[in-house]
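Read the single chain below, which is given as structure tokens and is the form predicted on its own.
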């Protein structure tokens, strides 16, 4: 792939400075793999697409990258690993992209990074949580999004704070779901000894989870942990409620997948979400850097919708690619990788830097991804009104947690 040299306009008050330069050079092509059709999570794909387009417009309106605009090239993976593999192959070999980003499902990301590694092309993992993505140790792969070990620690500490004795998790049959379910068990064993924990693996494409749910009626757990993406997650929550398993005065629901801020959440879930605790990567009461405020405002102006975590994660993924090109003054893979490894840059959620430690989940991971816990306290409740029960960097505040009566 030929090398092209660009620079990014400097930041002014945290935002890209505007430039009057025309787009004279060839565009910088960035490949995007997302689910735009079932069985993948289409709502997630839409949120990622929105975030990338908001970021691209901010960059391009500011004069692009040293006079060259960002061009996004999309491929639909349907959340299927084989299609993700083919998508990355096509983007690299046919479209000649300088980097790939956008992926939001771990199984698809795991397939895609194999191709990016083979062709030695930078890959910014937007939302694949599986620790295995990091454990591969591929120098091309960078992770500015969340990771399973972070969630597992949060879940274990929350179960301990709740005083739970019996916890059951339902996870989807993917690398993400099963991987997180196992990690939660390990963290509970380490941090919350005395809790009985087990998990059930469910087919994410199924519409009937009753065989797994009905046995809980005789001995309901203290907490059901949901580790699934839509639409399976919505079906599970509704069937738990219909069968009287959860939410009840006995059994709470903990959403480990952070689905309560999805735009179609309340279209698919009603009373089933009452008093559900949610692992959150964004809440409107969280403080944001200037760039985060700009992205949020631009997104709301464009869609009339409220900001969400995937908006910021996707925007940061593209901004990081642009920042790497600026720092490296090159689109060569080695130059971009070196720039990303040394980066300390304030994005939409905080200062991003990547760990160089080659052990477990840490390699090329932004370790300090901010997170919170919030609680749904009313049906059709906007995220802004959901109760924040754990602030970033603070322990869960049990005095704020409401129980189902």
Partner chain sequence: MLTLDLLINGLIIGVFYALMAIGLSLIFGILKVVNFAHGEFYMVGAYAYTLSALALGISPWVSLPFALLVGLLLGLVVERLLMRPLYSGYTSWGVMRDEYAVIVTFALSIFLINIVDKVVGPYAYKGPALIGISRITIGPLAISGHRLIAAMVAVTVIIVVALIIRYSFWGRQIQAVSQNRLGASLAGIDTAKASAIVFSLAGGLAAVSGALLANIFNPTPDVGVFPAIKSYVIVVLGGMGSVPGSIIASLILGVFESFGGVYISYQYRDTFGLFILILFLLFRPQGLFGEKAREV
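Residue numbers count along the first chain shown, from 1. Computed from a prediction, not measured in an experiment: that's the story for all the values here.
Not on display, but discussed next: the form predicted together with its partner chain.
K.L.:
If you check in the predicted bound form, is residue 268 within 4.5 Å of its partner chain, heavy atoms only?
P.N.:
Yes - in the predicted bound form, heavy atoms of residue 268 and its partner chain come within 4.5 Å of each other.
K.L.:
Is residue 209 part of the interface with its partner chain in the predicted bound form - any heavy atom within 4.5 Å?
P.N.:
Yes, residue 209 lies within 4.5 Å of its partner chain in the predicted bound form.
K.L.:
Answer for residue 137 alone: is it within 4.5 Å of its partner chain in the predicted bound form, judged on heavy atom distances?
P.N.:
Although its partner chain is absent here, residue 137 would stay clear of it in the predicted bound form, with no heavy atoms inside 4.5 Å.
K.L.:
Check whether residue 375 has any heavy atom within 4.5 Å of a heavy atom of its partner chain in the predicted bound form, and answer yes or no.
P.N.:
Output for residue 375 is no: heavy atoms all beyond 4.5 Å of its partner chain.
K.L.:
Can all three of 335, 355 and 357 be found with a heavy atom no more than 4.5 Å from its partner chain in the predicted bound form?
P.N.:
Judged in the predicted bound form, none of 335, 355 and 357 sits within 4.5 Å of its partner chain.
K.L.:
Exactly one stretch in 358-366, 376-384, 40-48, 26-34 has heavy atoms within 4.5 Å of its partner chain in the predicted bound form; which is it?
P.N.:
It is the stretch 40-48.
K.L.:
Of the residues 287, 305, 163, 215, which one places a heavy atom within 4.5 Å of its partner chain in the predicted bound form?
P.N.:
Of the candidates 287, 305, 163, 215, 215 is the one lying within 4.5 Å of its partner chain in the predicted bound form.
K.L.:
So its partner chain isn't shown here. In the predicted bound form, which residue out of 205, 186, 249, 301 has a non-hydrogen atom within 4.5 Å of it?
P.N.:
The option sitting close enough to the partner is 205.
K.L.:
Note that its partner chain is not shown here; using its position in the predicted bound form, name the residues of 212-242 with a heavy atom within 4.5 Å of it, in sequence order.
P.N.:
Sequence-ordered list: 212, 214, 215, 217, 231, 234, 235, 238, 239, 241, 242.
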